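A single chain comes next, written as structure tokens; it is the form predicted on its own.
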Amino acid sequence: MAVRHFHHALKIRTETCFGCTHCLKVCPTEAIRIRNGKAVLNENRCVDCGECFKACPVQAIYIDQDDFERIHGFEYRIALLPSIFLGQFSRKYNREQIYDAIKAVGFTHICEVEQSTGILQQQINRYAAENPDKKPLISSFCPAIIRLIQVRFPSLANNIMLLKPPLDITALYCRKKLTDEGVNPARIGVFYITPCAAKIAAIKSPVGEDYSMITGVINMDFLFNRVYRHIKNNLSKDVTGNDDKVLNADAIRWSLTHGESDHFEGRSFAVDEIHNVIDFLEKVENEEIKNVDFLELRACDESCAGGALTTANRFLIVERLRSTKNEEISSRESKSKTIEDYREYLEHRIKIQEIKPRSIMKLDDNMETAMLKMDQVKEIMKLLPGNDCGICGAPTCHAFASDIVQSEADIRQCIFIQKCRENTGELTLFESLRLMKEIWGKEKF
């Protein structure tokens, strides 16, 4: 498979951004710089975790999505719905009302993402048995974590399970089911309702696969507002209900923290929130944590319940989903699980291709040159104050030193270096001002 650039769902409105550095400070992969008073994204470093989106105080960072009207280009319009979506709603609105509203706003079918978790659960344990030397095995569920490992922990890329996540398995099933019923594939549109930016990026440029079975992506907050408005405006009307309720207790909580790890046969950990994940993986990489069989790693706090595109409080979402599963388990388990009819078909297509590392730590493709640059970074670090103040437009002194070595920054952009050189007469006040304007823009001066 040819190496492709990452698609990024995170976009920056330069006309709104005023260079506050909130995004700069929270980015876990140091993918953001301030240039000319605006945040600039380094696409090779970005993993679409959405931390910058959450931190931006003026909504200068947004998450792109497909035009909703695109769904009407298909006769069969499938909403690929994660259980997290239902957790957005107060308990006074039942599942039938929500599903009826989803169809009323334009979809013809609703396909619950987590219905494929039963198949995946067995395959995970089988994969572990077939690959005893790959420890710890790392879940392929969260695309932000997959990209994080590729760019920041490349030595662990081989530990990622080469199995499709529930999203892709269910999309494959939905398409197959309709085509078996005689529907022309060209008339089928499968649209995922996403709680985060990373899944948009994974669908637009999948890792481990050549293409995605999913036609497009709709942001969860966008659909929630439409559905909620429809429910509020039609409270007095009867609803038709939905016959596709196939989720059992374990499936409903799969997207929550511990949803996967509780079913793994061996020593496992469930770690959520991307900075916690980085801290844990550093310990794994340094062999401070050993004898681990399986890692369930999620970029968002409380996993998908804490996604950037959810509207309700993440803790309330978790509570609703856990209580809903307990209330509905008996009625749901009696429903026919039509996806089981396709088990063999899906199991034969559940594996993905090798996930290759894309290290951001590498300073050059040539090893000798990279080592030389690494030494240069160390020498530059001796000159810098180590305060990580961000005034140079980089998040840390080390990131700034790397930028200098890569000819992407000037050491005189460090405010401490400037003042030292002004003091010795090596730099004029006019030159210092010019350097600051290059970072923070003319308006600030």
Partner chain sequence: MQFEYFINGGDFSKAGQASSQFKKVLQQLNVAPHTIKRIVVALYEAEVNIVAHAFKGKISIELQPDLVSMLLTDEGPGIPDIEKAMEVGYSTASPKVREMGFGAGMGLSNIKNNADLLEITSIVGKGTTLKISVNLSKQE
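The structure displayed is predicted, hence computed values, not measured ones. Positions refer to the first chain, counted from 1.
Keep in mind that the form predicted in complex with the partner chain is not shown, yet the notes after this line are about it.
Student: Report yes if any heavy atom of residue 91 sits within 4.5 Å of a heavy atom of the partner chain in the model of the complex; otherwise report no.
Tutor: Residue 91: no, not in contact with the partner chain in the model of the complex.
Student: Taking the shortest heavy atom distance, is residue 419 within 4.5 Å of the partner chain in the model of the complex?
Tutor: The answer is no: residue 419 has no heavy atom within 4.5 Å of the partner chain.
Student: Answer for residue 235 alone: is it within 4.5 Å of the partner chain in the model of the complex, judged on heavy atom distances?
Tutor: Output for residue 235 is no: heavy atoms all beyond 4.5 Å of the partner chain.
Student: In the model of the complex, is there a heavy atom of the partner chain that lies within 4.5 Å of any heavy atom of residue 378, even though the partner is absent here?
Tutor: Answer yes; at least one heavy atom of residue 378 falls within 4.5 Å of the partner chain in the model of the complex.
Student: Please identify, from 104 to 112, 364 to 372, 268 to 276, 306 to 314, the stretch that has a heavy atom within 4.5 Å of the partner chain in the model of the complex.
Tutor: Every other range fails; the passing one is 364 to 372.
Student: Heavy atom within 4.5 Å of the partner chain in the model of the complex: which of 180, 210, 287, 344?
Tutor: Here the answer is residue option 287.
Student: So which of 77, 253, 152, 263 reaches within 4.5 angstroms of the partner chain in the model of the complex, heavy atom to heavy atom?
Tutor: Result of the distance check: 152.
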